[in-house]
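Below sits a lone chain in C-alpha cells, taken as the form predicted on its own.
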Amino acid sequence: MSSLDFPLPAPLEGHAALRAQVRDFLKETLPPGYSAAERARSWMGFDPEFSRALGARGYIGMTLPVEYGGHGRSAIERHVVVEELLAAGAPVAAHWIADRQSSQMILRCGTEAQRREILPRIAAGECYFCIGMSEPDSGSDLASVRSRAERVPGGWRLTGTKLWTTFAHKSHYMICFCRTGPAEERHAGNSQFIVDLSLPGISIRPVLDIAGEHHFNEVSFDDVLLPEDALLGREGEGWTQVMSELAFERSGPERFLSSFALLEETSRLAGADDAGAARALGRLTAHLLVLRHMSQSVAGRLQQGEKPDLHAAIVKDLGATFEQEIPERARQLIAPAQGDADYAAAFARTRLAAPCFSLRGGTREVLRGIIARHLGVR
C-alpha cells in the first residue's frame, strides 16, 4: 500500500440498519417542514435540545469507551451517523467540536480525572467545546502563537487572545493552544490547556460573519488563573497534540457536505430533459462519491490508530474546492430568481458561507504545503 492509497475499511455489518435508525430518529426529532434554509446551515445550526436528544439516543461519543459514558462503537459507525445528520442539515453545532475532536484529545492525552469529569457530559450532549488555535496577526502560522501560560503557585497564568473561536460564547470549555516555553522553540515550546470559560478574566466578543450572524468570537485572557490540572497531557506536547487533532477536524463528512442542501435543491429543480444540467450534476455527484470514499478511508485509518495527517489534508483541500464549486454551478444552472423559495434560500445561505470553506480547518495554502512536504517536493 502506498502512502497515498485510500483503501476502504473492511465492511461492517449493520450499516444499513444504523442508517435507517438515524433517519427514523431525524423524522421523529426535527420539526415538520424543516426548511431548505435551515438545512443549508449544515453543521452550524445550534440547538442544545437536539444535542441532548442525540446524546440520549447514543449518537454522540460513539467511539468513546463505555466507562467514560461513550458507546464503544467504531469510527466507521460514527461516520455513518455523521453523514446522515449532515445530509439532513440537522442542528449539530452545540456538541460538534466536543464530539469530533475535543473528546478524542481528552481520551488520548487527558488525566483520568479529566476523562471521568468531562467525557460523560460530552456524550450526553450537554458539554460544549470551542477551538483555541487561531490568533490575531498570526495568519495561518499556528506555531507563531503569542498567547502564553506561565507557571504560578498552584497552577498557570494565561494571557493572550484567540480569534475565530466558533461558538465560544455558548461553549463551556476551550482547548487552548499556547506557548509555555521560549519563543524560539516554535514547536517544542507549546502546550494545550482545558480552559473553563466561566473563569474570571475571560472576555468573549462577537465577530459577525458576512450575513451578520454571530458564530465567531474573539476571546481574550487577562491574567486568567488556571488550576494545575488544566494542562492537557504533558507540558511541551501541544504541537504534537494539535497535529493529531487536525486529522479529526479535516477528514469528516462535513468537509464535503456543507453545500449538500443546495446540491439537493438544484437537482430537484433542474430539468430532467436538460442534457447540460444532467452532465453538470453527474460530475458533481461523482466528485461527491469520491470524496465520500476518501473520507471513509481516513475514518478507517483513525479506527486503526493511525495518524493520517496527509490523507486528512487531501480530503480537506479537495472537499473545500468541491463545496465552493456547488453554488457556482447552481447559479449557472438555475438563477436564484428562477427557482422557488427553498432553492433561493439555500442558494443565498450557501453562497455567503462558501468563502470560509477554504479557511476553516486550515487554509488551502497550508494544506497544500503539508501535502507537498509529505510528497517530498517542498
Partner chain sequence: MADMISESAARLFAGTARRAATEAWSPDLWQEIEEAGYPLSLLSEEKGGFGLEGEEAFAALRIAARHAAPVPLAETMVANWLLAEAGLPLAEGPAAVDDGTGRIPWGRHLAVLVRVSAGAEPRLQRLALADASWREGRNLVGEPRDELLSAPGVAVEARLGVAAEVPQALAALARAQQLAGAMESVLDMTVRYATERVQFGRPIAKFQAIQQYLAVMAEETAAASAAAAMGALALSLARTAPARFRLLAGAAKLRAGEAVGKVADLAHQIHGAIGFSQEYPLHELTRRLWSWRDEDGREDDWAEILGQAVLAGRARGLWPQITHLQSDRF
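Residue numbers count along the first chain shown, from 1. Remember, it's a predicted structure, so these values are computed and weren't measured experimentally.
A second form of this protein, the form predicted together with the partner chain, is not displayed here; the remarks below concern that form.
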Quick one: in the predicted complex, does every one of P9, S267 and L375 get a heavy atom within 4.5 Å of the partner chain? yes
Which of 338-346, 49-57, 65-73, 310-318 sits within 4.5 Å of the partner chain in the predicted complex, heavy atom basis: 310-318
Would G282 count as a contact of the partner chain in the predicted complex, using a 4.5 angstroms cut-off between non-hydrogen atoms? yes
Using heavy atoms and a 4.5 Å limit, would one call A183 a contact residue for the partner chain in the predicted complex? no
At 4.5 Å between heavy atoms, is L288 in contact with the partner chain in the predicted complex? yes
Taking the shortest heavy atom distance, is E249 within 4.5 Å of the partner chain in the predicted complex? no
In the predicted complex, the one of L257, L119, I175, C178 near the partner chain [non-hydrogen atom within 4.5 angstroms]: L257
I need to confirm a contact call. Of G212, G305, G271, G154, which residue comes within 4.5 Å of the partner chain in the predicted complex, counting heavy atoms only? G271
In the predicted complex: members of 344-369 within 4.5 Å of the partner chain, any heavy atom: E365, R368, G369
